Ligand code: 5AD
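Listed next as structure tokens is one chain, alone, in the form predicted on its own.
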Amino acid sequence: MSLIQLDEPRVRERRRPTRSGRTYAIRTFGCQMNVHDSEGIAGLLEADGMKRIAEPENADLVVLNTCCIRENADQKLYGTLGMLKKAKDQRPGMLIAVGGCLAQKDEDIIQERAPWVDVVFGTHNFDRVVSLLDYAEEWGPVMEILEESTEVAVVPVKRDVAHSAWVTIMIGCNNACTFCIVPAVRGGEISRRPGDIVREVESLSADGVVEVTLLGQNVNSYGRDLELNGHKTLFAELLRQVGAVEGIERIRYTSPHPKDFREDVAVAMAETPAVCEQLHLPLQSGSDRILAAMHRGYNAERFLAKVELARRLIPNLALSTDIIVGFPGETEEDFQHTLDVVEQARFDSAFTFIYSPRPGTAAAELVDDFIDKDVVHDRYQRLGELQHSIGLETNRALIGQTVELLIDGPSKKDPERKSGRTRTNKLVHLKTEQPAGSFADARLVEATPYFLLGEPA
């Protein structure tokens, strides 16, 4: 049976859970926003009486929350759906739901390639997942894709971690980066009212949360669409308000845009004790020519000026970034400019990506300028080696210092150690009996480019 577009809900709201005893599994692809959306989906399903299990093939319901930022996201989704078809053939009562960015973009393609999917929903209506499941069970496969959001959906969430939480402050993006599909699938910017955000953080604090991460596609644009008492609410003000919530020890945020990062935010970070000394500032390229082709709104000089401003105003700042290698038309000279900026900025860490064309973006049309894969991989490796050496040097400079860690839990690589994060988001492994969610002082004794080893101080 083919999917249909659900124009109007045909299932009335139920007054009590009807799925008690049934199980669900969620697999999340993509960014922190998707992770937080999945927490909301989990919260809705558990409020409906369902219980989460780890094995999708054994679940009564499988939800795939998708991403469409890079090319292999498609491959991961359809590979997973292929495996789930085998499980569904053996257990016809299994339900499969696909949501998120790829669903928003490729609704008809999902229908054609995976007709065994029961529910397809987009980025603007994940909060209706229970009603859509009701419809699918009563009427058959359903697809509901909304073109845009009118407000930020806030639903009860089921967090995987008790001491740390994501808090959405805005959705959407008004930028037009030529490599990015996000504005098309997430829509334009919509900010939550600051009072609602603060009340959510207060509730999280009362629930034992000590660390929050404020989420938005471009947090520096927060509040520009809000008019409160005759003035616009700005992100710097929000940082101070959230920082005043009792019990919240650490505040992080992601992601800012370099063109919109201003002095008032740096000052608020420095003057608000709970805000961590950590800044993620996506560079993308060090070439002015490529940055212009990307429509990033800054050049290398301006980017480095933002770095200098942040480090001057925020003591002990750690800086991370995103970099794309192999953007259409990138020459060896362009790439050398990127290496030069990385040398000057001295990032603590960098998330590096090989450019992959996304249908629907302006850059995907530049097929004549695509670069040979061997050339791109060589550049990618050279960039990785440079950042590897900088990260190692930066971390070695910390040896001997005593730092405060927020313990996350057992180390994934060494079960005899616990893992924790510094305020600057450095990963540290140490032997301690401190439980997850507690704070511990550690003296740093050994460094690698990606983590450090410590001992109780």
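The structure presented is a predicted model; accordingly, all values stated were derived computationally and were not measured. We number the residues from 1 along the sequence you see.
Below, we turn to the form predicted together with the ligand, even though it does not appear here.
A.B. asks: Is Pro282 one of the residues lying within 4.5 Å of the ligand in the predicted complex, judged by heavy atom distances?
C.D. replies: Yes, Pro282 lies within 4.5 Å of the ligand in the predicted complex.
A.B. asks: Would Phe179 count as a contact of the ligand in the predicted complex, using a 4.5 angstroms cut-off between non-hydrogen atoms?
C.D. replies: The answer is yes: Phe179 has a heavy atom within 4.5 Å of the ligand.
A.B. asks: With the cut-off set at 4.5 Å between non-hydrogen atoms, does Tyr135 touch the ligand in the predicted complex?
C.D. replies: Tyr135: no contact with the ligand in the predicted complex.
A.B. asks: Any of the heavy atoms of Arg379 lying within 4.5 Å of the ligand in the predicted complex?
C.D. replies: No - in the predicted complex, heavy atoms of Arg379 and the ligand never come within 4.5 Å of each other.
A.B. asks: What is the one choice in Phe370, Phe261, Trp166, Tyr355 with a heavy atom within 4.5 Å of the ligand in the predicted complex?
C.D. replies: Partner contact (heavy atom, 4.5 Å) among the options: Tyr355.
A.B. asks: Between the options Cys276, Ile324, Leu77, Ala97, which residue brings a heavy atom to within 4.5 Å of the ligand in the predicted complex?
C.D. replies: In short, Ile324.
A.B. asks: Since the chain is shown here on its own, which stretch among 355-363, 305-313, 332-340, 85-93 would lie within 4.5 Å of the ligand in the predicted complex, judged by heavy atoms?
C.D. replies: One stretch meets the cut-off, namely 355-363.
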